[in-house]
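Below you will find one chain, with nothing else, as structure tokens; this is the form predicted alone, and questions on how it binds or moves follow later.
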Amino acid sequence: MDELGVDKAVVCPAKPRAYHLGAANEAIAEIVADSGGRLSGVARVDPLLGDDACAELERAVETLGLRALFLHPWEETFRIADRRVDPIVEVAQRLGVPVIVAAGYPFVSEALQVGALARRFPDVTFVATNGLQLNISGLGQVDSELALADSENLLLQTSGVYREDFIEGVVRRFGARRVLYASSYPLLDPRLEIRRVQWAAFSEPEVEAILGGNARAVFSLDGD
């Protein structure tokens, strides 16, 4: 962060070896507390755990001070459009926190599946990783644009999107507010991920929004 001039970052738990997401959320909260205000945390839960997952999200937000919900359908093995996901999103809606979805994974979190969930909860902000797709080509791009067109509350992150023209097209059609820079560090290199935005054909205000302004609004970072 110091090297790249990053003022603040949003962090979330990796899948813990013990598969106890509550402990992972606590670890993130401790890291955030020790960061001097430079980090904000995201809670991770498994919606298949039903009431326990809902209670954990409430604890993570109200007690631990985490600011969003992170769902990873591929690692937790559920379909993002499954109705069993609805109760945990209802809690997020009540708490007023956004939902980040690990998107683009075959069969479980493809663009139109993420879009289906976003349509069911128009008052919740959804942020999809990987530009809503992993392949960044062909029908995957079409599905991503269809999902964005159907849901004003659906945004996407730039992490791993190696096609600047795709990001440019999203901004041109839907506006810069629908795109957030993300590094996916340590999986990806933030130096390159920042360049993805800088290399694209954006105006200076669009670059500023994508590289930080939009995230500040979505995750309520200005109050820190």
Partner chain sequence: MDEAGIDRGVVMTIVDAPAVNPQALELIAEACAEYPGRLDAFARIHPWYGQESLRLLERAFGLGFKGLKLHPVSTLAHPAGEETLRLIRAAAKHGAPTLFHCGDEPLATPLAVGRAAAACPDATIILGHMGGYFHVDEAIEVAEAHDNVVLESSAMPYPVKIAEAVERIGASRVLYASDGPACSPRIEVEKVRLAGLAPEAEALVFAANALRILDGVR
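Quick caveat: nothing in here was measured; it's all calculated off a predicted structure. Numbering follows the first chain given and starts at 1.
Keep in mind that the form predicted together with the partner chain is missing from the display, and what follows is about it.
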item	value
Partner proximity in the model of the complex: G160 to the partner chain, non-hydrogen atom cutoff 4.5 Å	yes
Contact flag, D189 vs the partner chain in the model of the complex, heavy atom cut 4.5 Å	yes
Touches the partner chain in the model of the complex: D165 (any heavy atom, 4.5 Å)	yes
L148, heavy atom within 4.5 angstroms of the partner chain in the model of the complex	no
Options 47 to 55, 26 to 34, 193 to 201, 173 to 181; stretch whose heavy atom lies within 4.5 Å of the partner chain in the model of the complex	193 to 201
Partner-contacting position among V108, A92, I136, A102 - heavy atom within 4.5 Å of the partner chain in the model of the complex	I136
Change in CA distance between I136 and D123 in the model of the complex, which is 3 Å or more, as closer or farther	farther
Closer or farther in the model of the complex: C-alpha pair L156, I136 (3 angstroms or more)	farther
